[in-house]
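Encoded as structure tokens, the following chain is the form predicted alone, with no partner shown.
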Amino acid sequence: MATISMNNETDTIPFDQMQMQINKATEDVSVKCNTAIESYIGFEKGFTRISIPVPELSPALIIQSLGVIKDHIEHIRIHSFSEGYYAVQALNKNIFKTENIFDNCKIEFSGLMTNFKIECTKKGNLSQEEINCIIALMQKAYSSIKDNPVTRLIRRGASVYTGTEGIDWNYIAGYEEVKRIIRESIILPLKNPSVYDNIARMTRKTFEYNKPKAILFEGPPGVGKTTIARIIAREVQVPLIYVPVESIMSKWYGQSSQNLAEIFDASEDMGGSILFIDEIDSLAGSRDQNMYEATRRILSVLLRRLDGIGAIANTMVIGATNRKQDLDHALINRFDQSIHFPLPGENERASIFGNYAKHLDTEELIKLARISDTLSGRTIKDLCEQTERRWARKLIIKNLPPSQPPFEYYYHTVKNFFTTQSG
């Protein structure tokens, strides 16, 4: 048996919240591993006790568990190891004895034959960070029993698109300069990695991969940032993992950063993918501003995974933002390149209208483009769909056969949009 005490003076949380979090984490791990896990949390004689059965307690796992504890609690002390338990004999030189260990949080690793468990005991209630620590220990103990990474991503609220799905460059009207930059800086390196590796070997004293790891897409909403990410994935035939902000954020302290870390882990397990993080400014604002501790933890995960210990190797990250100025400077520096998506110009707006109203002639498309200044591609698409619905209602009411909406319907829809906005 190994006994570890932790000195953590932060505020405690009510027992019912502790119980709810432990039960939810147990259920999540059970589903993930397809294994029935029955954890226990109780309050006995003034002490909170949490007991979690684990599949094994190898020396390697206990060493890794010490690192997990250290990630959550600053001050830990190893008190004792029973001589008879093989899993901790490698650590017998690290024996420390202290008094009154029950005043702090105590974690025990114990096992007999195949009955292994991790048990946490503390006088009174646990702090949120101590609860996070116990949950992380349970997840570490069962981490070797993994299900499909796609399943793990979907469970975390991400969407996974295969490399063969979706649309091609013909879907994006205009933006020729943006397309050129993307082909040169993203698609070519991903499709021809050996060329870039060979050049790096010939030019650098110490070889490093020079393929891009992280690209920032910045520009106003509705200009095609997400759409182009899907096109890139289709071009290079790798899965695209779309991560909306709400799939990461959690009301539980420390859970948001853990969600993001698990998404990175699952993306790496895909063996090659594009991770698209939408509205990245909502996750990692500047440390120059007042930053909540939860946001600081999320930023720490991003910085470490993009360039640091545990950095991604098989995944390209594309972050999207319409508020680049709000991003932390250290995070901006982690991106290999920033690609700006402007609002479409007049010719591009005409091409976009042509995508959704192919029956209109060139002169009519130009007229629509001229009256739609400042509109994004998404807004133009929405207005064309509104026009189709208005025309459909007329055909239904008058019992007319299907036909294409005339130019005047599109023109009035755009005009009415600006009138409504100004009003």
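The model shown is predicted, which means the values in this text are computed figures rather than measured ones. The numbering used is simple: start at 1 and walk along the sequence shown.
Beyond what is shown, the protein has a form predicted in complex with a small molecule; the following relates to that form.
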property	result
Contacting member of Q237, Q337, T226, S159, with respect to the small molecule in the predicted bound form [4.5 Å, heavy atom]	T226
The unique member of P244, G166, P193, P221 whose heavy atoms fall within 4.5 Å of the small molecule in the predicted bound form	P221
Interface stretch in the predicted bound form with the small molecule - options 389-397, 36-44, 50-58, 352-360, non-hydrogen atom within 4.5 Å	352-360
4.5 Å heavy atom contact, F264 to the small molecule in the predicted bound form	no
Distance check, F116 to the small molecule in the predicted bound form, heavy atom within 4.5 Å	no
4.5 Å heavy atom contact, K70 and the small molecule in the predicted bound form	no
Contact of R378 with the small molecule in the predicted bound form (heavy atom, 4.5 Å)	yes
